[in-house]
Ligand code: HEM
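The chain that follows stands alone, in the form predicted alone, written as structure tokens.
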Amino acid sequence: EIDRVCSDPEITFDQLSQLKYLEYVVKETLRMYPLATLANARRCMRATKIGDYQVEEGVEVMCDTWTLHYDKKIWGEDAEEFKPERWENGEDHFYKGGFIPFGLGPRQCVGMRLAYMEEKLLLSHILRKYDFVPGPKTQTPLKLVGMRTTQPESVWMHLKNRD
């Protein structure tokens, strides 16, 4: 897809918007590995009831992003699998609140679109010249560390020229 769409040395905004499969890969990665899950925490400003639960004013409420992003009722029985194709039919999960790597609603991250654009631009430039290949130190599956934010314990990948 990148070779077909981004044939010029410079990559335009229009070309980035045509990289649909790359967008699916980025979204599926964010679904499986949400980085800043605490961004989905809020302080209750007044006593309220959510479903059967009474929430008092001042209580911190945090959405469990990991469980939400792996919920088989939302994502299907293959929720544990990396499957970018699940995004081909639109973003139904996003609008239902099942995909929240950048939050949701009025407090959604204002940098979300910029982040998507930067990720696609960086990956496009790299993947036009190189393939990522695992090496002897590559961890599969990734071992994640951290509590407030998560990251891989280590990432060892090799870049192979695409000559």
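Just count from 1 along the sequence shown to find any residue number. Remember, it's a predicted structure, so these values are computed and weren't measured experimentally.
Unshown form predicted in complex with ligand HEM; subsequent notes refer to it.
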Candidate from M62, C44, L114, V133 lying within 4.5 Å of ligand HEM in the predicted complex - any heavy atom: L114
What stretch, of 47 to 55, 102 to 110, 120 to 128, 66 to 74, brings heavy atoms to within 4.5 Å of ligand HEM in the predicted complex? 102 to 110
Can you tell me if M32 lies within 4.5 angstroms of ligand HEM in the predicted complex, counting non-hydrogen atoms only? no
